[in-house]
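Encoded as structure tokens, the following chain is the form predicted on its own, with no partner shown.
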């Protein structure tokens, strides 16, 4: 590379941070991982590590000075911390985009304001707000913030079930939304750089098990018209968010082929792990390029790919195996195996037959 060696600061030390740090290293950047966990997987590829709480202002000041660009590997970093980092002008994506993605209500409102279809919803600030909803059909109540992998959400059929869930969620602000009986669930991984270039990878078809992503398959089993619509929506969203970096968008495709946006993630995403082997440029390299003021590339799909998540004890089946031509194994090196914890993934590759 022609640029002088610069440092990318990454908030979060999980597998996404690890794969970002590896991508950054491969294209000539140094990295500094900021994470409170002493045994973070991301430290494996990081040039430097900052072990501190996310609200330690004194350490944050030092960290900001030590890096040229800052990004995140997960969105649930305290908003005060995000705002503080943003003042440096080094944070990508922007604090506004992260703020929207941290709050399910703001996500839905963004869709409505930008004429992007999503399911019906209502804001629930207190228990009396639950009276304004029609319970004739199945619904889902979710906490507005700090929800992922099925945490902080419940399918409900009656007002009393909604009230019970709201209390169990600690009376925190929630969103009540229509349950979507979708045909398939898909996601797109899009990137936008500081030069205004955008790119969206082919949509992946996703299957969840116990609310956690189980498999992502590319190409998805959708027609060309649906695929083109997904590209259009993705481009519109990443542009209207004035977003820099990789953005993941999860969609529901209904039986009549109509499309609803489910939610967004302001970062590289589990459903984009297939790009490590199924495309010639991964989502991780795209993100590093975008946030460091390089131009993103136009990756090509080179294999049909099925990504399998290794959750909890599933990792034991694969951890002593070696990758092969058609099976690429990624073990994250987490010190403790827990039920529901993402421990690794496998990409199964298949040649295209023309």
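Note that this is a predicted model, so its numbers are computed, not measured. Numbering follows the first chain given and starts at 1.
The following text describes the form predicted in complex with a small molecule, which does not appear among the structures shown.
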The small molecule contact in the model of the complex: residue 177, any heavy atom under 4.5 Å: yes
Interface membership of residue 182, the small molecule in the model of the complex, 4.5 Å heavy atom rule: yes
Partner contact for residue 208 in the model of the complex: the small molecule, 4.5 angstroms, heavy atom: yes
Any non-hydrogen atom of residue 252 within 4.5 angstroms of the small molecule in the model of the complex: yes
Residue among 76, 94, 262, 200 with a heavy atom within 4.5 Å of the small molecule in the model of the complex: 262
Residue among 153, 88, 229, 122 with a heavy atom within 4.5 Å of the small molecule in the model of the complex: 153
Segment assignment from 231 to 239, 136 to 144, 270 to 278, 162 to 170: heavy atom within 4.5 Å of the small molecule in the model of the complex: 136 to 144
